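Consider the single chain below, provided in structure tokens and representing the form predicted alone.
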């Protein structure tokens, strides 16, 4: 299955995808303990299926286990955000550089069209983030890198943990417009085949986003 936009095949697949989505969306709270019994009732499956789903979600870095405590959803914290986004900045900066070199003209056109479709959301002032997969600007660029190792590190490793921060803390207010403008600038650099500029702009964009999310985390904590 595609690591981001999988189609469920078995009950275990379906439970895994739903559990992952519920954690990313905040329907199962960050930092909360996961009860196999409660989740089995929630998803109408056996505890064995739930146990497998929890194990699979753990590989997405959304769940952690502690001695004498069991499995918990990871907590969102400024320290973890900084650590995660340092890695994201480096890897997605590289992805943008490679995308400028490797994306086809048709793929770049599709990327521009995707941003056009996002414009309505931006103009409405709604929270600006995209669903997982092909409608996600960042995901398109990751795939556009054409580097299988990099794609795996981002989509199978930290993608959904990044989404957890993006979805639950989201962009709102003036940051919506500036983030969208940054997306436009990155896409234009890719279209111009300016690999160095694409990487610089992507790294800067992720740094700005990190600072924005860290501020919101601190505000929520206080």
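Between two forms, the rigid core is the largest collection of C-alphas that superpose within 1.5 Å. Numbering follows the first chain given and starts at 1. Every value quoted in this text rests on a predicted model; they were computed, and no experiment measured them.
The same protein has a further form, the form predicted together with a further copy of the same chain, not shown here; the description that follows concerns it.
Not one of 111, 118 and 167 is positioned with any heavy atom within 4.5 Å of a further copy of the same chain in the model of the complex. Exactly one of the stretches 156-164, 23-31, 180-188, 39-47 approaches a further copy of the same chain in the model of the complex with heavy atoms within 4.5 Å, and it is 156-164.
Among heavy atoms of residue 14, none comes within 4.5 Å of a further copy of the same chain in the model of the complex. a further copy of the same chain in the model of the complex is approached by residue 89, whose closest heavy atom lies within 4.5 angstroms of it.
a further copy of the same chain in the model of the complex comes within 4.5 Å of no heavy atom belonging to residue 104.
Heavy atoms of residue 73 never reach within 4.5 Å of a further copy of the same chain in the model of the complex, leaving it off the interface. For the partner-free chain shown, 147, 148, 149, 150, 152, 153, 158 of 144-160 come within 4.5 angstroms of a further copy of the same chain in the model of the complex, judged by any non-hydrogen atom. Once both forms are overlaid on the rigid core, the distance between the two CA positions of residue 196 between the shown form and the other one is under 2 angstroms. Residue 184 is not among the residues whose C-alpha shifts by 2 Å or more between the shown form and the other one once the rigid core is aligned; its shift stays under 2 Å. Relative to the superposed rigid core, residue 210 undergoes a CA displacement smaller than 2 Å between the shown form and the other one.
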